[in-house]
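Only one chain is shown below, in structure tokens, and it's the form predicted alone.
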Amino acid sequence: MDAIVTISGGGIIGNYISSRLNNLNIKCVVVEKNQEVFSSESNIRTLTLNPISKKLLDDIGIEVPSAAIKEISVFDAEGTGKIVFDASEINHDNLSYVVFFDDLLKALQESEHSKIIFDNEIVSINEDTNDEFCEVLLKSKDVIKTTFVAGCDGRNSNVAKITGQKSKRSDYNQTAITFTTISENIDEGRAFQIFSERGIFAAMPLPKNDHGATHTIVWSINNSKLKNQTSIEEYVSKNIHYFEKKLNTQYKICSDLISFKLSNHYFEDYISSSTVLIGDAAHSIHPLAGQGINLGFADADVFCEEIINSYNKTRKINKNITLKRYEIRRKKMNLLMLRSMDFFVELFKSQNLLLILLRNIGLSGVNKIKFLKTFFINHAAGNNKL
């Protein structure tokens, strides 16, 4: 079997790359360790796509139900600091779009179904002596002769393990909880993010669904707050009324609660010979701004651009130059976003009275300075592309 790009990981980013390149007759094959059976019945976990990420999906014909966010209010519950981001400030219709993770994954897997090798994984990557191709050995004993191997297989990337690349990791000492709710008295298209001693609480609108849920909640809580609780459910039950009061609403929980520990990681090198790490395989950040998936799509977009540019110039691609261009364009931007998220996490979890005062002044100050607000909105919307 031959391919220009062999993709490890049949998730959202891997299948996006496969679809975009295969549509241009640049042959890709996807190796997915899970079995073919896939269900989207739960629909609890969500993704927040910026307009650039949504357009990338639109351009390859992938459409799933979405809920548009036109305005985001961010405020500090321990003070009066507040900032409101509005799509009209950058002449956009919407700031972002909320979709169900399962819906998007299913649509992409169905689109690339014939290109996916399910229930399999890469065992080894053997470089050709002339450095033009490499041979990918699968668990099934099949061999793929390929030019590139793209690791799109998450933060515990199998490709990174095979190539011996080591990541730098940091624990946030927080737990994220997500669930869906039926909420009242909230205008359509509005989202909220509240920083408080009870955690970072985000509420966003949901696309129409069979469960009648109207909003998704993503709640990041310091682990120290959960130590004396008998369960995650107990903490949510005791503390959600605090946020209901802040937002003048009521939340009726209508799904299971999903929880996971929060940490970040990144690789100093995204590339190694024929291999490249993309999206969560290369880096992960705190979910407070919902930018993880958008960084993944930005990576995928740049990777595809470099492959397409090289492929159009010559049939004998210089893979070292192609991959290095991708790494240069994406690594610094991703690290900047990671450092920015770490700064905000540390700033808003502090209960130091001076820091509380300063961050409230900062939020209110930025809200009054148009060019700063515009800069932040454009960055979140994915308009600052290298």
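Fair warning: this is a prediction, and the values are worked out from it, not measured in the lab. When you see a residue number, it is the position in the sequence shown, counting from 1.
As for the form predicted in complex with a small molecule, it is not shown, yet the points below apply to it.
One residue of 271, 176, 226, 194 in contact with the small molecule, assessed in the predicted complex (non-hydrogen atom, 4.5 angstroms): Going through each option in turn, the one that passes is 176.
Determine which one of 152 to 160, 181 to 189, 301 to 309, 207 to 215 lies within 4.5 Å of the small molecule in the predicted complex, judging by heavy atom distances; exactly one does. So the stretch in question is 152 to 160.
Please determine whether residue 45 contacts the small molecule in the predicted complex, using a 4.5 Å cut-off between heavy atoms. Contact check for residue 45: yes, within 4.5 Å of the small molecule in the predicted complex.
Examine residue 293 and determine whether its closest non-hydrogen atom to the small molecule in the predicted complex is within 4.5 angstroms. Yes.
Proximity of residue 28 to the small molecule in the predicted complex, heavy atoms at 4.5 Å: Judged by the heavy-atom cut-off of 4.5 Å, residue 28 is well away from the small molecule in the predicted complex.
Would residue 112 sit within 4.5 Å of the small molecule in the predicted complex, counting heavy atoms only? Contact check for residue 112: no, nothing within 4.5 Å of the small molecule in the predicted complex.
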